[in-house]
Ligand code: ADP
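Take a look at this single chain, the form predicted on its own, given in structure tokens.
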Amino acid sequence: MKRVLALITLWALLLTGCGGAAAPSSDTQPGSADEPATRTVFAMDTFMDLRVWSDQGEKALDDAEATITTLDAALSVTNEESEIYALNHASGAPVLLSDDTFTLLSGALALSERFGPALELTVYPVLRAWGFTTSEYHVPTDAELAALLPQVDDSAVTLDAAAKTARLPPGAEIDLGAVAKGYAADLCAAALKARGVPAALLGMGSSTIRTIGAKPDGTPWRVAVQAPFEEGYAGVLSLGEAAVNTSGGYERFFEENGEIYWHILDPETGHPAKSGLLSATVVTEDALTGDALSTALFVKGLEDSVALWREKRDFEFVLIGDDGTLYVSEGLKDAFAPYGSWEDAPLEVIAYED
């Protein structure tokens, strides 16, 4: 219930000054240039809320929903009919993948290589050992982790672009959950643009937002940054067309003997990443890269994240330190505003050069 209420509040904030702040309906509305067509889809273990400003709104939402449900069915790690389940249980044999799944896997592996050990798709067996895939939480022993960590190696995944097949070493398993919602957002955006949709707001769960075009009333889109481990928001981003992705320890965690264990793991240790950050939000052109980046930055921590940003300069960020400090990259200094109880929090703008 807490997650649903957070989503409703988020959409109220996103839609301020844009035709009302009510929670989105589960029914499709016709849509126009002035009023959005709306739909809520449950997929990838979250509620996705789609809003489209277009006289093609209903057809566009049909396209988006079909894209999401098809991808969800292909990528599930627990559905025995899915492509990823087949890959994970192929005992080293190559598995034929659909075009979208192959494109996502190859793109995600390229991002894994770019971000080094901070992002590993093959961490799934370790994630499962902690119980994050089943909610049957458990702190693994050092011996359990030592037995699993040798399988965490994305470089061992073999792709055949001509045959559209993938192969894992026996015992290895992957999970594309860290990038799936971002990729779904990008595919939906492409489908909506193919319909000629000029403006849309795609909420792919609380961690992934994708905007299309300009907000119909001419004002910027307002995207909230969740406050870690509390109700409400730490800040608001005012943006044009963009992808906004957030990773944080507050998204899924359990507590045992007074210690909090969250689901974002450091692939090198097998333990929850303790980098000095409580959340990492990134703004990018595409949501697939943003999904991967937000996870990687959360694992890397402030210093390495800033170094990557200064080197690449193809994304912007809002990082929240475990001491409550807000770190905002220079490119967002005029787009980000602290919100509510965070208005008095320490805020540091990170410059492009020291």
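Don't overthink the numbering: it's just position in the shown sequence, from 1. Fair warning: this is a prediction, and the values are worked out from it, not measured in the lab.
The protein also exists as the form predicted in complex with the named molecule; that form is not presented, and the subsequent description refers to it.
Residue in contact with the named molecule in the predicted bound form (any heavy atom within 4.5 Å), chosen from 243, 119, 224, 108: 119. The contact with the named molecule in the predicted bound form, taken as any heavy atom within 4.5 Å, belongs to 178 out of 178, 200, 277, 87. Proximity of residue 127 to the named molecule in the predicted bound form: non-hydrogen atoms within 4.5 Å are present.
The named molecule is not drawn, but in the predicted bound form it has a heavy atom within 4.5 Å of residue 295. The named molecule in the predicted bound form comes within 4.5 Å of a heavy atom belonging to residue 267.
Proximity of residue 263 to the named molecule in the predicted bound form falls within the 4.5 Å heavy atom cutoff. The candidate spot formed by 123, 247 and 291 is fully in contact with the named molecule in the predicted bound form: every one of the three has a heavy atom within 4.5 Å. Listed stretches are 295 to 303, 311 to 319, 51 to 59, 64 to 72; the contact stretch with the named molecule in the predicted bound form is 295 to 303, by a heavy atom cutoff of 4.5 Å. Residues of 311 to 337 that come within 4.5 Å of the named molecule in the predicted bound form, judged by any heavy atom, do not exist; none qualify.
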